[in-house]
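Below sits a lone chain in C-alpha cells, taken as the form predicted on its own.
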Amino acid sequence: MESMILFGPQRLHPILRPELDRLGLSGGVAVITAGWQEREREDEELQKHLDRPLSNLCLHSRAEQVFSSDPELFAAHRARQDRLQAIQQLYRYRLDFVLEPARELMRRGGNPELLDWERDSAIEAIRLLDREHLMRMAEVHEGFERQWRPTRRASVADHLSELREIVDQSSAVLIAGGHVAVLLNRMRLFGVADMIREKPVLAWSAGAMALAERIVLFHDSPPQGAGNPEVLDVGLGLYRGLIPLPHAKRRLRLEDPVRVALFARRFSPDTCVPLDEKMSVRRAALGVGWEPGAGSLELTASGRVVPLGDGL
C-alpha cells in the first residue's frame, strides 16, 4: 500500500481534504460508509468538504442485496455471527477475573522488587487471554471462508467487478467510522482488503480500527458494564504496530496513570494512539513505524500521555 493516514472523528472538524492535497492526489476518491448502516448514502457533507468526485461503494446496501438473493449464505453468516458473539461473551466474563488483580497490583505500593514481578505476571495473564481469544475468533473466520468462499459465490461475485473498477479508477480510498463490527463484516464479505491494498487509504474512527490487526473496544466509564477494554475481533490487518483509540478523551480516563499504564503495557509492543478531533497519524515511509500527524499522542507504560514518538 502506498500511503495510509488514520484520523480521529471527522464530522465536526474534518481535516481530510488538506491531507489529500498534501499527498498530491487529484481526481475522484472511493468512500466506504458501511459503518453508517442505513445512512451510508448520506455522504453529502463529506462530498462538500472534499470538493472532488466521490464514489460510494455502498457495501451495506450491497450486502443486503446479497443476503436477500442468497439465503443459504445469509443463514451461514448469521450462524457465524452468533458463534462469535457467544465466544465474546465468554471472553468478557473471563476478562473480569484477570483485569482487576492487575489494576490492584498497579495501584499497590510496596517493595518494587516484589511488585514488579507480580505486575508483569498479572499483565501477561491478560495478554494470554487476549491472544487465545483472537485465535478462536480467527479460527471461526477461517472456517467460514474455507466452507463458504463468499467472494466466489454468484451473489457476491456479481458486485466484485463493479467494486474493483470503482477502486481502480479512484485516486484514494476513504473509510468512514460508525459501527465497527458492521463495517468490518461488510468489508470482509466483499474482500475489500485485497482491493485497496495498493491504494492510498485515509480512514477515521471505526474505519481506522477495522484496518488494524486486532480491534480493541474501550470505554472506562460506560453507562453499563465493567468498563474493561476488550479485544473484539481480528481486523483486516492492513497495518500493524498501532492500536487506534477514537474519541479517547471521552472514553478513556487519560488522567489516570494506572489505567493508562495498564492499557499501554497490555497491548505492547503496539503503540496505543488516541485519535480525537483534529488528530491524525501517518504510516512512515516504507511502511516501517508511524509518523506524527496533527496533534498525535501515545499512551506510555509510565502512565503518561505524550506526543507520539516521545514515549520511546
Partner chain sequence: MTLKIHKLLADGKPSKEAIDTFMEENPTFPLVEDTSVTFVYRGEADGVLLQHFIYGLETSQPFERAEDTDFFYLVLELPPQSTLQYKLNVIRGSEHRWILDPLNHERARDPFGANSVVRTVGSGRPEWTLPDSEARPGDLVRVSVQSEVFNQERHVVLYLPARFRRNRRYPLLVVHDGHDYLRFSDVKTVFDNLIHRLEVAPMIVALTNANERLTEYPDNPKHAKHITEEVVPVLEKDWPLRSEAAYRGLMGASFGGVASLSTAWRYPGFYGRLLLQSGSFAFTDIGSNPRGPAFDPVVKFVNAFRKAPGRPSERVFVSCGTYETLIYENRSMVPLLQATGMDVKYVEARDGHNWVNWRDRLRVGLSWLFPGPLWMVYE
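Residue numbers count along the first chain shown, from 1. Since the structure is predicted, the reported quantities are computational estimates derived from the model, not experimental observations.
Keep in mind that the form predicted in complex with the partner chain is missing from the display, and what follows is about it.
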For the partner chain in the predicted bound form, the stretch among 265-273, 244-252, 24-32, 58-66 with residues bearing a heavy atom within 4.5 Å is 244-252
The one option of R197, H141, H179, R94 with any heavy atom within 4.5 Å of the partner chain in the predicted bound form is H179
The listed residue (V156, A172, A206, M187) that reaches within 4.5 Å of the partner chain in the predicted bound form by any heavy atom is A206
query: Does each of R39, F218 and L232 have at least one heavy atom within 4.5 Å of the partner chain in the predicted bound form?
result: yes
- the partner chain contact at P223 in the predicted bound form, heavy atom, 4.5 Å: yes
| request: May I ask you to state whether P101 is within 4.5 Å of the partner chain in the predicted bound form, using heavy atom distances? | output: no
Just to confirm, G295 within 4.5 Å of the partner chain in the predicted bound form by heavy atoms? no
Within 4.5 Å, heavy atoms only: does R304 come near the partner chain in the predicted bound form? no
Checked 68-83 against the partner chain in the predicted bound form; residues with a heavy atom within 4.5 Å, sequence order, are none
